[in-house]
Ligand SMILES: Cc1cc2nc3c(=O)[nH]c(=O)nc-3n(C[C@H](O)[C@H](O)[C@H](O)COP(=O)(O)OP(=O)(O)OC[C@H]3O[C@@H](n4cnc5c(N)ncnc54)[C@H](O)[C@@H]3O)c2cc1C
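Take a look at this single chain, the form predicted alone, given in structure tokens.
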Amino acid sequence: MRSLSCDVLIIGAGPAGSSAALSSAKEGLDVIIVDKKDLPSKTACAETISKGFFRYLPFKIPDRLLKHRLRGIKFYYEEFFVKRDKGIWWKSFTIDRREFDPFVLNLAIDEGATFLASTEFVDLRYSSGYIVNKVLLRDNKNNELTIYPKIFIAADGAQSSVLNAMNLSKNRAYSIGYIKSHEFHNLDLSDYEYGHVYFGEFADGAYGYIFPKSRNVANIGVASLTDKELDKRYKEFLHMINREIGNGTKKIDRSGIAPIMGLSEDIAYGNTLLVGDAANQNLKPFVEGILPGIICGSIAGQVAAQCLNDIRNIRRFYKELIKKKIGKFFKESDALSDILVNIYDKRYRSRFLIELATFSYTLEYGELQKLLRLNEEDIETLLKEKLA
């Protein structure tokens, strides 16, 4: 069995993990990043990034990776319709994860990080205080490798093997959202400059969507807080938007999962930092995680450099820097997530109207709190007046 030592070991080479590798390698640390694939790319993704987060990024995204500009989002529920396209936060771009994810990884490799492709996390050993001191890996040829890191970063997604190995995963209702989706080709979209979000029984607790990548290509899917009858609900949604799909064909399956609630109690333990989906670092209600993951990954790499010889402060520094940079977004995101889960769990009669008002920011968080103190009949009446 081969063994190595390093300053920072990162499991998961998606944008969050690669961003952590990039920033720690820039600080001169000895960095190893591992992924079970040859090249990272996530399939369960609408591939849309908000322009509002560009100012917080640690690097510039090349224009060639910004495939299609969306002017805003249109929201639909029965006869109700809301359009949002004022302000930078409604502007977005679609990307191709098969190009975008390797781009971020290559930035880290160019800075000196070592990438171990087709290498899977197997297990780990940790001492008191969750200090990980030994990580067991296996490559696709069944060769075993042991790595002894000073700092350990888990960027291995919503079903984190690292969290499971450290017995830190929380089992609670609605911690995971489910996605049934495909990339469609050969479309002829009538309105391809906007994203389209739909509410109803077919996506109870979440939404159906069309996010165009061009006039002829779009990611189309249903997100839900339950996987019950998800295939059936997806078919219902496709039937509902049949005029938009026309003779379009499914090319890439983009089904999967996404974190909704925190997967563990914290985002840092001992010498271990969680980033990306493993840390629930996405923003609700849209579960937008690519750019927030990059931002938090970069912070994780910086903190690794700061605390390489001072592990006692790693958790505090990590959380403080995230709070300072984009903490206000996560605070609002968690509050909205709680509301959406609550109205779904209690099966509010007017929940689809509430979802429409929440996703479209027709009502702010404070207004939603006041609204939910009313009885069902008054909630429905007030929302219909607001959305008319």
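One-based numbering along the sequence shown. None of the values given here were measured: they were computed from a predicted structure.
The following text describes the form predicted together with this ligand, which does not appear among the structures shown.
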Requested in this report: Only one of 111, 288, 244, 204 comes within 4.5 Å of this ligand in the predicted bound form by heavy atoms, so just point that one out.
Outcome: 288
Requested in this report: Name the single residue among 82, 168, 230, 257 that comes within 4.5 Å of this ligand in the predicted bound form, judging by heavy atoms.
Outcome: 257
Query raised in the report: Heavy atoms within 4.5 Å of this ligand in the predicted bound form: which of the stretches 45-53, 355-363, 23-31, 60-68 has them?
Result: 45-53
Query raised in the report: If you check in the predicted bound form, is residue 9 within 4.5 Å of this ligand, heavy atoms only?
Result: no
**Report entry** Touches this ligand in the predicted bound form: residue 183 (any heavy atom, 4.5 Å)
**Finding:** no
Query raised in the report: in the predicted bound form, does residue 36 have a heavy atom within 4.5 Å of this ligand?
Result: yes
Query - 4.5 Å heavy atom contact, residue 179 to this ligand in the predicted bound form - result: yes
**Report entry** Every residue of 14, 155 and 282 near this ligand in the predicted bound form, heavy atom within 4.5 Å
**Finding:** yes
Query raised in the report: Is any part of 95-128 within 4.5 angstroms of this ligand in the predicted bound form by a non-hydrogen atom, and which residues would that be?
Result: 97, 119, 120, 121
